[in-house]
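In the block that follows, a single chain appears as structure tokens, in the form predicted on its own.
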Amino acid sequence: MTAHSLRIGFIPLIDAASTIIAADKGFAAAEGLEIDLVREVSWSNVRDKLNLGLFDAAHILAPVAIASSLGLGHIKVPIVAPFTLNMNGNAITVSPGLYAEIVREIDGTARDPLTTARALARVCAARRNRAMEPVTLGMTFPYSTHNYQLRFWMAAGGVDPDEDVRLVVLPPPYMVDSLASGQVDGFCVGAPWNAVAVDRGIGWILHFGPDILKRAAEKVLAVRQQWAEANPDVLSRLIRAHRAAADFIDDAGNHDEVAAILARPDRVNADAQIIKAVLAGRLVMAKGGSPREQRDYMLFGRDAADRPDPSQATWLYAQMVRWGQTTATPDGLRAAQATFRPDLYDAAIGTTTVARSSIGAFVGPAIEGDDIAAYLAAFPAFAKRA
């Protein structure tokens, strides 16, 4: 087996674990691969370097892979995702001040996302009536599950994400400091940054990602389609190395070692105990509180989470259409679905396991087949204010 060197970009997040562990625990070396991991700060950097060929592969937002293939927000570069790095892993975190505003307006339990969304609508109305600054929320990128989860949650309660709040883009490592400085009132981001905000006493986790969407593709291992076609054997080895790494991460007996590796300054650079809590799905919602357990808070390989599921791409494409990032076309939908490549996964792993396809959103219907129009028609449009 010929050794092959690969340069792979990643953002300091726990959902890069399979890529990091594949490199650092020897699973890539066992497949004859030498991986040079490059730590980046912003998703635009990762996307651009992947598209330009400066990276052979990348840990990237699932919607960014689709957007790149469609030519949305940047030059069109067909991308394929032969491995899903994780399902779930996000959370919505708010400042203590915004949490108090929501609780004052709430009619029900704060654990119910529909109840909190309706309370947020009343908070937004009160601020508007008093000529106050709107609620400002951070998300990691316009083409991100974080953006769509925030919008989906708020819209369910009557909040117009484009009129009633201010949504700003922030790199994941900057979320906590932005909350601490008062630049944002809350954010949706991946682990460990929600738990870090709680640990510092400046954030309150309002909802786990699975409260909004029970099973949502978050990050993928992405390569350029042209590269995949030119390097099929290398790609298969890379998929197998990631599969072995995901199995290692899923074993609770390895969590101490995984957390120690991810905690390194050149990897995620966060407290190992916080990382371990995330891996176990046991997070404290507010400083001094008891942990809340959520078995599916973040999925790596368990329950076929790592096998790319084109139905996830369908849902993400529908959100792009819903929020005006693109116009629905049959070709666009097919291109979005073709970004997720279970055939490449199956060829490398030797399996035909079918991943569960249900998104499990807390409100609204499921998408029936490819009928994006019928799905979106079930959600009310917002009337623009003069």
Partner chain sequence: MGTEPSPKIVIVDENPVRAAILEDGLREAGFSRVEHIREMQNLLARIYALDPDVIVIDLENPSRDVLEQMFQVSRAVRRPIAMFVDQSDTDSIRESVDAGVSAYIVDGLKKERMRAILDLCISRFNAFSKLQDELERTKSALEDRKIIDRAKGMLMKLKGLSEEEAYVLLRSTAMREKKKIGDIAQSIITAAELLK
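Since we're looking at a predicted model, the values are computed, not measured. Numbering follows the first chain given and starts at 1.
The form predicted together with the partner chain is left out here; the points below concern that form.
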The partner chain in the model of the complex: within 4.5 Å of a heavy atom of each of Gly73, Pro134 and Val165?
yes
Find the only residue in Tyr143, Trp193, Trp153, Trp204 having a heavy atom within 4.5 Å of the partner chain in the model of the complex.
Tyr143
Could you work out which of Gln226, Asn254, Gln273, Gln183 is the residue within 4.5 angstroms of the partner chain in the model of the complex, going by heavy atoms?
Gln183
Would Pro171 count as a contact of the partner chain in the model of the complex, using a 4.5 angstroms cut-off between non-hydrogen atoms?
yes
Check Val41 for me: does it contact the partner chain in the model of the complex (non-hydrogen atoms, 4.5 angstroms)?
yes
Would you please decide whether Asp346 lies within 4.5 angstroms of the partner chain in the model of the complex, comparing each non-hydrogen atom pair?
no
When the contact criterion is heavy atoms within 4.5 Å, does Thr351 count as touching the partner chain in the model of the complex?
no
Heavy atoms, 4.5 Å, the partner chain in the model of the complex: which of 155-163, 95-103, 234-242, 259-267 makes the cut? Say which one.
155-163
Sequence-ordered list of residues in 323-345 near the partner chain in the model of the complex, where near means a heavy atom within 4.5 Å:
Gln325
